[in-house]
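A single chain comes next, written as structure tokens; it is the form predicted alone.
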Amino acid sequence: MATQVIMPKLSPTMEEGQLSRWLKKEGDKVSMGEPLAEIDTDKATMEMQALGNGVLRKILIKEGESAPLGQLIAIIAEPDEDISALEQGSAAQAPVPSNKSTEAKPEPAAAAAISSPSPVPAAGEVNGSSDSQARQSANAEPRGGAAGNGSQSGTADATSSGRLIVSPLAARMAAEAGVDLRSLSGTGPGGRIVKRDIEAALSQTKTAGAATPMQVPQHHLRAVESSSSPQTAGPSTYHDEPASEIRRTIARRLVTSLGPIPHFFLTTEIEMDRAAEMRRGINELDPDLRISINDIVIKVAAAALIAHPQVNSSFQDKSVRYYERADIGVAVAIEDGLITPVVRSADGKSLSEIAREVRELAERARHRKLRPEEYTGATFSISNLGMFGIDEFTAVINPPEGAILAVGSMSLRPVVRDGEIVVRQMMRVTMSCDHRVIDGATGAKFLQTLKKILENPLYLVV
């Protein structure tokens, strides 16, 4: 009997999936439990396993296309079994156009192949005569083969086909800056050209700028040439691209946050000299630990949450849920959006354990290798933009959590101490609170405890 392969639910927040790579092709034998395809969810790239035995008779969703949960994407059956009825039933399904030509996937995601522009551009791409030459064909290429699947690496594919393997974001950056992709050697998986390769090329171009002027992109030249023409009057021209899976999920979740959740914001300024001194001393004792200020903030926030359980809570329909552990979500920026891996029981872990775990989770997040349980179920979140030079900002609560802490940069500022002006390393933090579970005084007391421990980190060992 034929087995219908449908788009599975691979993460709690997943509503549709994008077919990154088929691990089997039509006509291949398939065994139950064998990896069949790789699916890009809203958070990670995960394997889909076969739920039946037989032959992969029909693939209904191409690599790079998306499908909602439950949609038929392939058929497994016996070699001589009649599957015409299933094929006819699938004809009404309309897969979502590929997102591969929009924003770059993190490093391990399927690469894009840059080839000559087609006379009829595919969904989400623009042909060579349009406003953006950056978005040429970006059809999914297989990634480096998973163990045991018999596929070749991306380098071999690129060499045999004569095409460049390049992420969509790198392709866009190269076209806008006039960088010749064929002059570059990719440092990504399988020799793929990624964002850092374009940035390195631009850095070299700036260094040699006096001797070799930078090539001006053709679409910039067209804009200059047409600027004096009366035809430029009126609204600007534009093009639309389909949003990536993770970007659409972020949009849906934020709509359910800032509107329905009554936010209010509390800001305080913290003197970080002692915390910075403690960090420096620990790292000098053991450079391999690489403790960061953010690691210290995570540890202190966890301790403050246990001291103030009202903040470590979430609003349910008819109750308030209080969490017994401090599971801290740490916002990590990736090329395609934002994800918050969770440090479980941060209140019971040492600084060294938190530092190692955060680094490992962040690295796997950037490579879309996190499991669902590693990025869901936080009780409180921290978003740190200090490394980007942001002094102060407010963050949006990630439902169903009751609060999120926005951490700004740590910088030298003049302050008054004992009637004298002195210079101290100061850092501003802002907590966004869900007023349904956290009142102003409750949030203020939490920040008082956070400030007290960060300014006197020896409290962590008391």
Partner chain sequence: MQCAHFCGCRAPVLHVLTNVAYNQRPKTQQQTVSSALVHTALKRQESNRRPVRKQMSKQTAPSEMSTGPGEKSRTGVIDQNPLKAVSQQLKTVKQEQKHRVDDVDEKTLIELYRQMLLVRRFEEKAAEAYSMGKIGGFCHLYIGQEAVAIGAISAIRTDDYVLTSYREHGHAIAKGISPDAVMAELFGKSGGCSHGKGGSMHMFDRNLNFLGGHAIVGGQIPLATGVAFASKYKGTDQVTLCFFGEAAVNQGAFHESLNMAQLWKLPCIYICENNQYGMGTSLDRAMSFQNIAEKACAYEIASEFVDGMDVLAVREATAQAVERARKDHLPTLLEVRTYRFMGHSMSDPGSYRTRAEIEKHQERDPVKLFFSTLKEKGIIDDAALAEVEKSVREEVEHALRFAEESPSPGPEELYTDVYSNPIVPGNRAPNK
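Remember, predicted model here, so these are calculated numbers, not experimental data. Think of the rigid core as the biggest set of C-alphas that the two forms share within 1.5 Å after superposition. Numbering follows the first chain given and starts at 1.
One more form of this protein should be noted, the form predicted in complex with the partner chain, which is absent from this view; the next part is about it.
In the predicted bound form, residue 67 stays away from the partner chain, with no heavy atom inside 4.5 Å.
Interface membership of residue 394, defined by any non-hydrogen atom within 4.5 Å of the partner chain in the predicted bound form, is ruled out.
In the predicted bound form, residue 410 stays away from the partner chain, with no heavy atom inside 4.5 Å. When contacts are judged by a 4.5 Å heavy atom cut-off, residue 445 does not count as touching the partner chain in the predicted bound form. Only one of 60, 46, 437, 426 lies close to the partner chain in the predicted bound form, with a heavy atom inside 4.5 Å, and it is 46. Look at 27-35, 426-434, 411-419, 394-402: in the predicted bound form, residues with non-hydrogen atoms within 4.5 angstroms of the partner chain sit in 27-35. Of all the residues from 1-39, those having a non-hydrogen atom no more than 4.5 Å from the partner chain in the predicted bound form are 6, 7, 8, 9, 10, 11, 12, 32, 33, 34, 35.
After superposing the rigid core, the Cα of residue 440 is displaced by less than 2 Å between the shown form and the other one. Residue displacement note: residue 10 has its CA displaced by at least 2 Å between the shown form and the other one (rigid core superposed). Relative to the superposed core, residue 51 undergoes a Cα shift of 2 Å or more between the shown form and the other one.
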